[in-house]
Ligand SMILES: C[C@H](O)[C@H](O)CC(=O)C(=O)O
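Encoded as structure tokens, the following chain is the form predicted alone, with no partner shown.
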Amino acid sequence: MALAPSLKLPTITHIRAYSMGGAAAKVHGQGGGDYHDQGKDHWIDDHIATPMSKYEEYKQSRQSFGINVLGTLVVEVEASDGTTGFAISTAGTVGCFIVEHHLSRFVEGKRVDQIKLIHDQMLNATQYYSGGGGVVINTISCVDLALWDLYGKVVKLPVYKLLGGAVRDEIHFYATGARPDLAQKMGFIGGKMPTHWGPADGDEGIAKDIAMLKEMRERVGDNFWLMFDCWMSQDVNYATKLAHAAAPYKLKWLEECFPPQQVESYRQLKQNMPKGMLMTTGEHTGTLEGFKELSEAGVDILQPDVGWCGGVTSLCEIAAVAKSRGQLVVPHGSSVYSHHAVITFTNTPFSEMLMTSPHADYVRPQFDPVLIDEPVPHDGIITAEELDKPGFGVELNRECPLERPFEH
């Protein structure tokens, strides 16, 4: 059925990809979509436990083994009426190549509302080199988010209204960073800390992280949530011992103890954990099938990153998987791109704010400096009214050192 003349929508005429920061950039330490690409003396790069912690030369800094090499990807789409939409993620120059020389064929010429068709074509056309996630899915996510931004700007509606509207008036946040005690004073409902030690450190490593937890519990009292982010650094035995050692200090959850493919490890850990402690993971899972496996393994909270899991289109599908099993979906960071989705989900009672200030002592916009008018929580809350601008409600800071390495 043809659209009525008044409802005809423009087509997409151009897609462009830019990078900022990362190993290929002329300017480094910019933050932005790759929020690990910060300067020195930042909590996010201070002896955090990782899968590389077993190697002494890569133990102190995540940047030492290359966490910041990709940099920020910016995808911009332009419609035939001159409207533009954009989004950011982590994929840098690699993502630019994929967008310009592969994904562009599925975008240009489509109507601005044909997002699901474009999404399905991008996923299927890249299966032979996507590996089920990683930089390819990050890139697809960025395109998907840019398309939702464009569609919202064309029809002059915020993305959350395109998704069916808000189910609550405000979003309450917990803070991820090195200082839960300061997060409490800023009005957040909880604080998630990185663990700093792993299996290579044995029982001594557990004791050191528990000492940090004990100190923070004494500072914040009994009613403030405290959580551990383990960033794929553990094995089942270590995670089990850490969970039981943390239980007296009311740890709310253990997050991402293992790499996403180790589904059986999550299943075993859930069986081993103290009753009432939650098991969470998902930020590095890139497929709907992967989230289904984690859900079936008993993960209590699925934590997809909307910039790494396939975009808003995939995030809505993941939320439905979680809802079908009575589980929560609480996305990993992602700022406005998460806000517009989770305010429409009935199984997301709170959300995450990643503290990108160097010492986690003030609320800095997560993707600073790339986004203009990026909303941040005040007293731990963002209201629906703050999301009422068309699209995702932010603009691209064109003063940033953006580079377009490829053109098609």
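Start at 1 and count along the sequence shown; that's the residue number. Worth saying up front: this structure is predicted, and the values here are computed from it rather than measured.
What follows is about the form predicted together with the named molecule, which we do not show.
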{"item": "In the predicted bound form, the residue from I44, L371, V342, A360 that sits within 4.5 Å of the named molecule by heavy atoms", "value": "I44"}
{"item": "Listed residue (T93, S314, Q184, T176) with a non-hydrogen atom within 4.5 angstroms of the named molecule in the predicted bound form", "value": "T176"}
{"item": "Partner-facing stretch of 145-153, 189-197, 204-212, 100-108, counted where any non-hydrogen atom is within 4.5 angstroms of the named molecule in the predicted bound form", "value": "189-197"}
{"item": "Partner proximity in the predicted bound form: I48 to the named molecule, non-hydrogen atom cutoff 4.5 Å", "value": "yes"}
{"item": "Contact flag, H332 vs the named molecule in the predicted bound form, heavy atom cut 4.5 Å", "value": "yes"}
{"item": "Partner contact for H36 in the predicted bound form: the named molecule, 4.5 angstroms, heavy atom", "value": "yes"}
{"item": "W231, heavy atom within 4.5 angstroms of the named molecule in the predicted bound form", "value": "yes"}
{"item": "Those residues of 265-283 which, in the predicted bound form, come within 4.5 Å of the named molecule by heavy atom", "value": "E283"}
